[in-house]
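A single chain comes next, written as structure tokens; it is the form predicted alone.
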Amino acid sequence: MTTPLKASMVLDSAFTIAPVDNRIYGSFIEHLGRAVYGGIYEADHPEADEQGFRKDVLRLVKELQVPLVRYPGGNFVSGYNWEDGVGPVAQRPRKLELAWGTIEPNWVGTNEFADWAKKAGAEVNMAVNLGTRGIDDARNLLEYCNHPGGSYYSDLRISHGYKEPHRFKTWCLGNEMDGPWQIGHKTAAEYGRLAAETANVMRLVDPSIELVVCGSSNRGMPTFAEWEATVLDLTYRHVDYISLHTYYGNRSNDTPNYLARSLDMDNFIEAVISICDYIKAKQRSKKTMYLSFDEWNVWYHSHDQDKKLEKWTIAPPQLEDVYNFEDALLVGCMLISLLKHADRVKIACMAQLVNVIAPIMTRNGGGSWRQTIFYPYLHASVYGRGVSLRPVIKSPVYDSKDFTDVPYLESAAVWNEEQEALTVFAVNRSLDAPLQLECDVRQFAGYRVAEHLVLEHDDLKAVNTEEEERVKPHNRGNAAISDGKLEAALPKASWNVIRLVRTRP
């Protein structure tokens, strides 16, 4: 029998990071692949509602309690004319969609997506096209969406059957404008100037909005850091957030190194925070810049498959990663990274929500199911609302190809004082040994273990399908409290959610 590893943690309600902004559990729907057509929308599906939205998909989205959904892109937005997606559907044009090489039929546009988001209980994080378009189109779209009436574009919305404005609060100023692949790619100075002027005009239309400026597409970009510094220098007083994007994969099949990738995410976040604070100091500003990690996930399974797709078709199966169990473990670690930085990361969007690198998969005309990564996302979204605590952790470590001193225990804790609930999220990265966790919770006197959920599987490559859900959590974890000490055995290679609640007299 393998000797268990041992780790310790101290939790105290006084050791706080920050309240968790629920929007860190957001997601993303882009007009890409089957995310929209065949994903959230399929007019002839047996479970389609009166607008063509799949009710089975809506049930799964509502199960996740997704608070915010970024739309309509993504690379897609940099070539999108929003006017193509409003008004009578029969009169909307079919267009070549250049970002992904498909045909966009425009069956779903701004108003339909606003309706879907209401049904899903989510806010819309709207993006404007700063690739092929600019200031004028951004202000017109904002007027169309948010102005009550009495102006050309607001009255146009009303004529389309939407008397009440959508009042979208959060807006992205383009997408990945540092990327050479991006339609309308710009230098940092070009983009920063355009973003600043666009932000200024948008605020004249609606001063209540919040704005997200584009950071680097990933930490590996050759212009990383310099891009952020230049863009923020030009936009700092105009915007509220700067974006971060990252995706990880395991093409080399090195699982210990793969599970350590969330340390890269930590470093990425902390580097961007440093740049933000440098510009704050440089400009002698009193404003703190927050982060929107509005694209993050695992993405690598579908790369080879996507090279074989035929161009210029409607909603081909693009970016349809079939996630396995080890992917769920890394997603759990990435969620913990977001919670550890709750003081600065206020928005995050798992990219994406349905079919396209997504926790939810569907079959056209058929069923829908939960991928392995669905469960860590579900647990964090449902149980991770409150105040993120700063745990004091001692854990054994290992070295991998790209990382040193990787803790076997990756953990975060959220305290919801109003609900008198404390949740510990923990990943055991060890592929061989269970981890015995001892947690000092004396400051939470009167709390008891309500549940210890565990996601584990003997096969790291196990996947879920429409026919069989092989990877799903159970509640047979052995966490227990005695004399202010929480003890739990975390199985090898496992995601754990230990829920504590105050005992009622």
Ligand code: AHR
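From 1 onward, residues are counted along the sequence shown. None of these values were measured; they are calculated from a predicted model.
One more form of this protein should be noted, the form predicted together with this ligand, which is absent from this view; the next part is about it.
Chemist: Although this ligand is absent from this view, report whether G85 comes within 4.5 Å of it in the predicted complex, heavy atoms only.
Modeler: Result no; G85 lies far from this ligand in the predicted complex.
Chemist: Report whether the minimum heavy atom distance between Y398 and this ligand in the predicted complex is within 4.5 Å.
Modeler: It does not: once this ligand is placed as it appears in the predicted complex, Y398 has no heavy atom within 4.5 Å of it.
Chemist: Any of the heavy atoms of E326 lying within 4.5 Å of this ligand in the predicted complex?
Modeler: No, E326 stays farther than 4.5 Å from this ligand in the predicted complex.
Chemist: Can you tell me whether Y247 touches this ligand? I mean in the predicted complex, with a 4.5 angstroms heavy atom cut-off.
Modeler: Y247 belongs to the contact set for this ligand.
Chemist: Can you pick the one in Y236, F224, Y408, W299 that has a heavy atom within 4.5 Å of this ligand in the predicted complex?
Modeler: Looking at the other structure, the residue within range turns out to be W299.
Chemist: Looking at M265, A199, I357, L435, which is the one with a non-hydrogen atom within 4.5 Å of this ligand in the predicted complex?
Modeler: Only one listed residue qualifies here, and that residue is I357.
Chemist: Of these, 68-76, 204-212, 381-389, 105-113, which stretch puts a heavy atom within 4.5 angstroms of this ligand in the predicted complex?
Modeler: Looking at the partner contacts, the answer comes out as 68-76.
Chemist: Can you name the residues of 2-33 that have a heavy atom within 4.5 Å of this ligand in the predicted complex?
Modeler: Read in sequence order, the residues that approach this ligand (within 4.5 Å, in the predicted complex) are F28, E30, L32.
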